[in-house]
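The chain below stands alone, shown as structure tokens; this is the form predicted on its own.
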Amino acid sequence: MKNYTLTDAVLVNNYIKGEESALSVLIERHKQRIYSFIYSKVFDRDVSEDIFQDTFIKVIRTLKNGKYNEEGKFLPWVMRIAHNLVIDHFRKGNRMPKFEDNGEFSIFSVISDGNLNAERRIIKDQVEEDLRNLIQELPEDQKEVLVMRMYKDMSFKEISDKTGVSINTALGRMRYALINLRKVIEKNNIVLTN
């Protein structure tokens, strides 16, 4: 029982030094909160248990590899790992609707819904981050037009004036940007939810 008075940071340090029982104390101390968080997102006991186990497998690997450096912030770190694994679960299992593109720039509809519950908000934030990363991979001229059109809400006339190219060139760059985004999404089996 003496271990329960030790801080998380001390227990993590003890585990890293080889005291296996320190991890058991950490798991026992935080299991209810972590499991409840996971269950509140997936609403399935078996899946929650799998994600819980995967979370601590990642924790153990990170600690054993000496890559943990957030002393004193053990629980928030573990919760971030669990959160990321929940997101991965929805993506890999295709449990969330896949992005459907009808050719009208609907890829951006996923970031326009203002009425989101907590779960959808987490997923929306992840989708926005994924989309920003995909956009960064585009050629500079396509990225510039896409950002002006979709994020700055500029007309193609305004884009043409700002970039010094014809409206048709701006339209072409936008078209190629969307084609390239679609290719990357399909090639990497990326699931963008709405």
Partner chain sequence: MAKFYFKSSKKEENHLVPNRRTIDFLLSYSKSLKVVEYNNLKFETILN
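Numbering follows the first chain given and starts at 1. Remember, predicted model here, so these are calculated numbers, not experimental data.
The protein also exists as the form predicted together with the partner chain; that form is not presented, and the subsequent description refers to it.
Novice: Any chance K162 has a heavy atom within 4.5 Å of the partner chain in the model of the complex?
Specialist: No, K162 sits far enough from the partner chain in the model of the complex that none of its heavy atoms falls within 4.5 Å.
Novice: Answer yes if any heavy atom of E49 is within 4.5 Å of a heavy atom of the partner chain in the model of the complex; otherwise answer no.
Specialist: Answer yes; at least one heavy atom of E49 falls within 4.5 Å of the partner chain in the model of the complex.
Novice: Give a yes or no for S24: in the model of the complex, does one of its heavy atoms lie within 4.5 Å of a heavy atom belonging to the partner chain?
Specialist: Yes.
Novice: If we define contact as a non-hydrogen atom of the residue within 4.5 angstroms of the partner, is E28 a contact of the partner chain in the model of the complex?
Specialist: Taking the distances in the model of the complex, the answer for E28 is yes, it comes within 4.5 Å of the partner chain.
Novice: Just one of Q136, S166, S36, N69 has a heavy atom within 4.5 Å of the partner chain in the model of the complex. Which one?
Specialist: That would be S36.
Novice: Using a 4.5 Å heavy atom cut-off, indicate which stretch of 124-132, 51-59, 138-146, 152-160 touches the partner chain in the model of the complex.
Specialist: Going through the listed ranges, the match is 51-59.
Novice: I have Y15, E20 and R45 flagged as a candidate spot, so tell me whether each of them has a non-hydrogen atom within 4.5 Å of the partner chain in the model of the complex.
Specialist: Checking in the model of the complex: Y15, E20 and R45 are all within 4.5 Å of the partner chain.
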